[in-house]
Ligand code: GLA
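The chain below stands alone and is given as structure tokens, in the form predicted on its own.
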């Protein structure tokens, strides 16, 4: 055991070492300075939560080899505070370790703690429990929201404030909120978030805001530098607009969109790498700083895909976040990667390290889903309510929710839901009568019930809360409001929360199961590697691999295979569980050695 004198000596030594290693980063003369010397940021975005922890270092080395000197990442509140006051920074959520590894690989870090992220991430990174209080208005000056977000940011500061540049860490910049100018112009709200970040200890890096060029007046703060975000073709126009607003700079692209994201039922995004490389060349030749969004997109594993909505149409995102980025979903460099690498090396005069070998990819032979369990035979105890309740009302964030009632007498007419979030299958006496899809702006379904005391079931899936735009405050999931049938209110519901956290504990048998069913199978791997689970034989649902939620599938495309990282596979037997709303017995799966992101899509399905 250390003596008191010895312990004190160690603390003094650590303090001296920290002071010796501390650096400064600040705005100066229209640009940035690191330790008093000019420094241009050449960064790329990568989200720790979209990359398996075992691959963090591999992806960071790929960033360094492309010529980047920094990486940019959001922090996603919802994965770190899954319920109020309960925090998780372990395993794949250990964002501090991700940042330490970036420093070890010679990269600085631009931190985007939000509390709002966007990022095509579920609810823009907000935790679903914020919506339990129907009077709370997220992303606003509502005192209840500000209290929740402040508590979160103060807790995050304990994890990450020590990793700022002034403490010897790699974090050189910290963003206040995120593109708020495209959402509102409440500068009091922005100041509140800024002050929370100060109180959280983020005072030894450079604060900044980021918005579209035209939105800078709405979203920026006069005391902070502003970056601008835009896509291909907008660099010269964007900076011309920005110069009129902030003639003294500094000049930085907070997000240069080198790709785009995919929606279910829409074609896969494919962008022009040569155009982007030419524009990157132009930005760097001006001496401007830049962060490429995304350098590596990765995967929105599990339930974490977001959605877009303009208030009417609803477009949920696929599981893959490949983004047509320089480094593809599985960490392989694309032609775009090498184009960018050449431009960065030419314009900075710095020769990057050699490109590391990409992770190996394997195929897995076909195997059959033989075991099954019916959803209907594994329901939990219901909650009774006169009117429908949302998932959030029942402390549920993700998955499905079932609404069940009895219809006393035969009736023919339209089943109408006030508001549906997001996708429903409707059953009468256990038989599927049809679907209602928010994506198609549907709220009704014609029904003909011919028997007395009929059972009406409405099974609703959360297909991803909206992550961008003014729909955010109302993104509760389930049936919101009332239900009518043939114009008459339907009341008296049994509501079954179905968060699907432990599907491996269900009672599986080899009895055939069709419809809304879970299926289980094992497959053998002799030498693990990355693979892509072929979902082309499936309908709509979710997949778990060795207990981990892998992601969603939907036969409308364009994605028809789910990325499986090597680190999630075992040598020997591996377990796959599938929940399929439209299941059939005896379907086969296989692991492909290539992705399927651009399959033909079914529109209006």
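Numbering follows the first chain given and starts at 1. From a predicted model like this one, the values you see are computed outputs, not experimental measurements.
Absent from the display: the form predicted together with this ligand. The rest refers to it.
S.K.: Answer with yes or no whether residue 457 is in contact with this ligand in the predicted bound form, where contact means some heavy atom within 4.5 Å.
M.R.: Residue 457: no, not in contact with this ligand in the predicted bound form.
S.K.: Indicate whether residue 293 is a 4.5 Å heavy atom neighbour of this ligand in the predicted bound form.
M.R.: Because a heavy atom of residue 293 falls inside 4.5 Å of this ligand in the predicted bound form, the answer is yes.
S.K.: Can any non-hydrogen atom of residue 72 be found within 4.5 angstroms of this ligand in the predicted bound form?
M.R.: Residue 72 lies outside the contact set for this ligand.
S.K.: Indicate whether this ligand has at least one heavy atom within 4.5 Å of a heavy atom of residue 118 in the predicted bound form.
M.R.: Contact check for residue 118: yes, within 4.5 Å of this ligand in the predicted bound form.
S.K.: Check, residue by residue, if 229, 255 and 323 all come within 4.5 Å of this ligand in the predicted bound form, counting heavy atoms only.
M.R.: Answer is yes for this spot.
S.K.: Between the options 337, 261, 108, 189, which residue brings a heavy atom to within 4.5 Å of this ligand in the predicted bound form?
M.R.: Contact with this ligand in the predicted bound form is made by 261 alone.
S.K.: Though this ligand is not shown, can you say which of 328, 530, 179, 422 has a heavy atom within 4.5 Å of it in the predicted bound form?
M.R.: It is 179.
S.K.: With the partner removed from view, which of 366 to 374, 344 to 352, 119 to 127, 411 to 419 is the stretch that lies within 4.5 Å of this ligand in the predicted bound form, judged by heavy atom distances?
M.R.: Of the stretches listed, the one contacting the partner is 119 to 127.
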